[in-house]
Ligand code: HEC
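In the block that follows, a single chain appears as structure tokens, in the form predicted alone.
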């Protein structure tokens, strides 16, 4: 990274402008869009009266909420039109069980616009093609509703009588496809019915989903210096504050929200959790990415090795329609936004050095393991030596875990300062399984075409030349070359 990434005021001005273009605003508390005269539905008191007896915990959560203080009641959020696909009649009122981001957006307009274009909102769409092969085929259809869908979201289906299909509901997955067409679930982070800011700012709000083999952020964060400091100084975090700007309202430690979406110094907050990510880390090979923002608020990520689209040009969006480009954030700009958070507590040199170390680990994974493994798998498929059915052959499981589990853990470990996850829980396992499981299985599948499809792809690559150095002495024996007789 060049020193220009940390230059003076013109850079800050550009970043603030970019944040505004992408949906952010000044670092002040955002006022709700709907006038308070629209709150306080007259039927809401009846809801509270009944639910205080029928589901007292639910009622108590609302009574302790900022909504209650502001006069926002049950009907303000749950009211529906008879024409709504999920509308039902309940105690003389027309309501919908699901309060979608679109419903929340009637008041929280800024947050809704940011969230709808975010990687969180697309969480279901991102893995929609993978789900049948993994949850349905490998596990069984019952697993989908209780596992993948609970984090990524389900496509909520409504039965003929207006009730919700239990195969798709209850569900608070972050990319849930709601009956009204909106994507996501605000309650995934701001648990209903209290909708607490403090809860969403806690790392625990994220680690419900961001834990385990493919997204090991809970383990990585807790093992990092940031996680250690947070655990020691949580009472200093000011989690209930109306405004929450790193470096001003709290300085004790960062949380997930701090780095990925929170305000810091002059950087505005934003409900697009992926806005500041220069790399994609959960893919067979990581790529630096442009973030393209369309005039309607939809977004698209493009690999940095492609030409950046120009503002005002038309481009094919993920849904297959064409849209006009409003703004483009380069990987460098996205990195600069993340670095602005770091600079609230770290020096320019420290921040630049850490980012260089992180980038080097990602590039190592790509060059040594990610790209060769992907090329080997592609060759085996093209040669007809593997079927097109996913996960029906051993090597497909080995390859999947290589990049999806172990490779993700190595890259996330480097990105969040956990050396153990970067190496022993990450790249060491990648290397062990690449050499001891993946290559032997690939050679067996390739058979007489072993050199063409496997070994020939590695023999001229510097990272793998050590395989052809038989004079090395194994450290497993506790010996060094000087100690050999």
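Note that the structure is predicted; figures quoted are calculated from it, not measured. Numbering follows the first chain given and starts at 1.
A second form of this protein, the form predicted together with this ligand, is not displayed here; the remarks below concern that form.
- Partner contact region in the predicted complex: 258 to 266, out of 316 to 324, 382 to 390, 365 to 373, 258 to 266, criterion any non-hydrogen atom within 4.5 Å of this ligand.
- This chain lacks the partner; the member of 398, 223, 186, 177 within 4.5 angstroms of this ligand in the predicted complex by a non-hydrogen atom is 186.
- Shown without its partner, this chain lists 454, 422, 47, 445 as candidates; in the predicted complex, only 47 has a non-hydrogen atom within 4.5 angstroms of this ligand.
- Interface membership of residue 154, defined by any non-hydrogen atom within 4.5 Å of this ligand in the predicted complex, is ruled out.
- The shortest heavy atom separation between residue 405 and this ligand in the predicted complex exceeds 4.5 Å.
- Interface residue remark: residue 345 is counted as part of the site for this ligand in the predicted complex, having a heavy atom within 4.5 Å.
- Residue contact with this ligand in the predicted complex: residue 432 places no heavy atom within 4.5 Å of it.
- Heavy atoms closer than or equal to 4.5 Å to this ligand in the predicted complex belong, across 116 to 149, to the residues 119, 120, 122, 123, 126, 127, 130, 131, 134, 135, 147, 148, ordered by sequence position.
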